[in-house]
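First, one chain by itself: the form predicted on its own, in structure tokens.
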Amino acid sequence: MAPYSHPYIPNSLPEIDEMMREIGIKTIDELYIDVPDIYRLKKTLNLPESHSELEVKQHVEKLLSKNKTCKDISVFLGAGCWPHYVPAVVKAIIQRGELLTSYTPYQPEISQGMLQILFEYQSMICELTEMEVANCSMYDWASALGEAARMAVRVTHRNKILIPKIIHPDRKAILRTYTEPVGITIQEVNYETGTGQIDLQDLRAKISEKAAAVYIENPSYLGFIETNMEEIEKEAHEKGALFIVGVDPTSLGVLKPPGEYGADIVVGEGQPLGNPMNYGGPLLGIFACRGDLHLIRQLPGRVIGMTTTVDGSQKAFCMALQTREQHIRREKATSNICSNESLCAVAAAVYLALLGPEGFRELSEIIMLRANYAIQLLSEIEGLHVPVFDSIHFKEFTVNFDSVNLTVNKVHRRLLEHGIHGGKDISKEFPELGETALYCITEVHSKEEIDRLATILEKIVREK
């Protein structure tokens, strides 16, 4: 029987032979001639026999059944990827073929739908943040921060970025990945031990004419609201530095938008806007800035613009700014960000349009009220210190177990026995805070769930 051949299946034998002849090799091994022999596998892989689609599906479902999801247990874990409700209409729209399979709108003539949605996304991000220009998405909050730091250096021709000591360690690590190779210095600003707020005295001591930007998160990584934003903005701008603000967008229904207190660049995580947690990704990086031409010209990613048809009779959309290496000379490119999170941005646009201003404000209020109800309830448990910092909190808050001689790990394992996933253990990230966990409350957590968390925690403390 002749070997099976099909022109569209490149791993069928005749096609493999033809490709090898074309590039001048006789065996597949010759493709790996540069790999030292010591690193090559000398045995045949123990692969299972082929199975039907049904059998593979059943096998994978059996493996997946070992996992517990938010549908199975109560989850109070946030720290950068939060449990929020995604309305059914969001899922229905982004699963439409013309959106789900759209890669990038290079040809405006056939991409008007996608371009318009991305334009609307940018417009709503600008409205939320009080900025004048937004790009149509980054990979996530961390990559947006890295790009903002490099953008600030290009604009100011300086090489130091000041950041808060209280910051997500992963976000800080990715920021260093973006900045260290190009000689940018990252310096941390201390916090006030009682409140967690930025230590203004330490900021004044560290900021100088070398500072390209001061970066502050509001709310902070540990959930408290920074109350000195105007003072921080003043310190930054008096030294000629840009003021970069990182946000959780769901807080902007109750907090002032960054543009109102002088932010030059705003970054953040758009995952809460209609995107599920999905094993931690994909996420959605928010990036916006003031309408200063010097800033806009250094903006990474893509900006969608609105124009008209040639005869002026209809609105039309196009990519108005594309400062990446695929579109302009490489040495002129501001960034190499390529396949961005357009589908996640579409989800965010649908979500924001669905809620509208009043609905979004109500969402923020519900989150803040429920989080502070949980804080009040857990703080009444004898021996727990909730929260660690004496500040107003939005969505997340800290719980310390030092006084009851319990480790976060032990508490967490006990909670899991009761079908509850506790907060994130931050005892290694911030050892000065002791045995502390970061808990998250959003609109998906009912009063009954919060009450049950308090009841079980009290039982764990009592039976320690």
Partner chain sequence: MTRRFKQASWNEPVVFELGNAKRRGFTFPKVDGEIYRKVGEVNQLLPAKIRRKNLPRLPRLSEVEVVRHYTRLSQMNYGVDLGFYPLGSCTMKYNPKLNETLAEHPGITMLHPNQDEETVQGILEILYTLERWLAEITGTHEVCLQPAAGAHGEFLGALIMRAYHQLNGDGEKRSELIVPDSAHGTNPASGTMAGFKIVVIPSDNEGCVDLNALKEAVSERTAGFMLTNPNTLGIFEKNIKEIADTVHSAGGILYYDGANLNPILGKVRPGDMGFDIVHINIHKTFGTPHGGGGPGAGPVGVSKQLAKFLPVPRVVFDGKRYRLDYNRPHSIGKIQCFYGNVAVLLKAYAYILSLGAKGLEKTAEISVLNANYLMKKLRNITGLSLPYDENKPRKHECVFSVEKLEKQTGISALHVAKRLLDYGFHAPTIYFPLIVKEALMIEPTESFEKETLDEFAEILKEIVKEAYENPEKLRNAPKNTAVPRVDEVKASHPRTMMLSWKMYKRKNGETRNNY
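What you are looking at is a predicted structure, and each value in this text was computed from that prediction instead of being measured. Numbering follows the first chain given and starts at 1. Under this definition, the rigid core comprises the largest set of C-alpha atoms superposing within 1.5 Å between the forms.
The discussion below concerns the form predicted together with the partner chain, not included here.
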### Task
Select, from the options 240 to 248, 312 to 320, 207 to 215, 188 to 196, the stretch whose residues sit within 4.5 angstroms of the partner chain in the predicted bound form by heavy atom distance.
312 to 320
### Query
Among 384, 255, 203, 153, which has any heavy atom within 4.5 Å of the partner chain in the predicted bound form?
255
### Query
Does the partner chain get within 4.5 angstroms of any non-hydrogen atom of residue 421 in the predicted bound form?
yes
#### Entry: 4.5 angstroms heavy atom contact with the partner chain in the predicted bound form for residue 235
no
### Task
State yes or no: in the predicted bound form, is some non-hydrogen atom of residue 407 no more than 4.5 angstroms from a non-hydrogen atom of the partner chain?
no
#### Entry: Distance check, residue 105 to the partner chain in the predicted bound form, heavy atom within 4.5 Å
yes
### Query
In sequence order, which positions of 51 to 66 have a non-hydrogen atom within 4.5 Å of the partner chain in the predicted bound form?
51, 53, 56, 57, 59, 60, 61, 63, 64, 65, 66
### Query
When the two forms are laid on each other by their rigid core, does residue 432 show a Cα shift of 2 Å or more between this form and the one not shown?
no
### Task
Establish whether a shift of 2 Å or more occurs at the C-alpha of residue 311 between this form and the one not shown, with the two forms superposed on the rigid core.
yes
### Query
Superposing on the rigid core, does the Cα of residue 22 end up 2 Å or more away between this form and the one not shown?
yes
